[in-house]
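Before any questions on binding or motion, here is one chain by itself as structure tokens, the form predicted on its own.
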């Protein structure tokens, strides 16, 4: 019995390490450029490690069972009847329930924190239409631009609108994503944490030109942002 448990654990460890290496060695998500995306990635890794452990346990049991209790090719006899194991049935019902509840709690906390408005947030209006994005800064001047520019370290409050069909505003490196719906204003908050150039994309199929609905996003220093605003005003 003890030997079988050791073998089962060994198989689980090997499978777990192999899957963990796949999870760690490949870059599955864009590099984070915002505080909100950092929190989203925390959920991702929480769910990933949970999945790695579950997969390793289930795969180890399957591999061990196939190896330990395999029968010869010419054996057509039926196996002995079994009743089941009440303890195991309770365990594999309770454990997944606890994990799902934990994941739900963590997700709710992150969603709540990502929806918190900070004092002095920059107001940005994102307008989607087939097949382009335009941006307005209501507090800073009466102008529109096809380029999204944000100051690093300052939270931006995005208000999304659409003039035709449903679009979806997303800057992959900033993490937050929200639909732009005709007749409805939606909003998200983003706090850039590093400078750089990124892409604004539409992630809702919005027509034949959906794949071309892109815009440039830049995160700059506060001084560069102020200078850019002055240039737009003039």
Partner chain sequence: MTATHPSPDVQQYPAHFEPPHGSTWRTFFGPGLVRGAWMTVAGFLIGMLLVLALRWWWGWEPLWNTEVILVVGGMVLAPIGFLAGIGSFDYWLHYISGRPTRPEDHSGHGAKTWKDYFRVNTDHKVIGIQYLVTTFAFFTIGGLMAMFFRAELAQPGLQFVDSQTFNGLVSVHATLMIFLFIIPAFAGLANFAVPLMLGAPDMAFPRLNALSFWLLPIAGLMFVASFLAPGGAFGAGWTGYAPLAEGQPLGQTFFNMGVQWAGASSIMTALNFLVTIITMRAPGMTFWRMPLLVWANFTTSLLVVLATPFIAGSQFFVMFDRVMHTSFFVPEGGGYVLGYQHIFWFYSHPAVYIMMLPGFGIVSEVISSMSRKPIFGYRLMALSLLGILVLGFSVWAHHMFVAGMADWLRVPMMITTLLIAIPTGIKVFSWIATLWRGRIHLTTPMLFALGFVTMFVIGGLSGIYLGSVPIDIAASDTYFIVAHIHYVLFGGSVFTIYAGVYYWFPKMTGRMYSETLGKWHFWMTFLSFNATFFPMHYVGLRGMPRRVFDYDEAFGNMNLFISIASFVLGASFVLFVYNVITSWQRGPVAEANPWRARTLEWQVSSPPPIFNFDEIPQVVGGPYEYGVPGARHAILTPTKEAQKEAEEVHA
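Rigid core (definition): largest C-alpha set, two forms, superposition within 1.5 Å. Since the model is a prediction, treat every value here as computed from it, not as a measurement. Residue numbers count along the first chain shown, from 1.
Keep in mind that the form predicted in complex with the partner chain is missing from the display, and what follows is about it.
- Contact with the partner chain in the model of the complex, defined as a heavy atom within 4.5 Å, holds for exactly one of 211, 223, 24, 18, namely 211.
- Of the residues 75, 144, 139, 116, just one reaches the partner chain in the model of the complex with a heavy atom at 4.5 Å or closer; this is 75.
- By the criterion of a heavy atom within 4.5 Å, residue 130 is counted among the residues contacting the partner chain in the model of the complex.
- Among residues of the shown chain, residue 84 is one whose heavy atoms approach the partner chain to within 4.5 Å in the model of the complex.
- Proximity of residue 194 to the partner chain in the model of the complex: non-hydrogen atoms within 4.5 Å are absent; the residue sits far from the partner.
- Contact check for residue 107: a non-hydrogen atom falls within 4.5 Å of the partner chain in the model of the complex.
- No residues of 135 to 155 lie near the partner chain in the model of the complex, the criterion being any heavy atom within 4.5 Å.
- With the core held fixed, residue 73 shows a CA shift of 2 Å or greater between the shown form and the other one.
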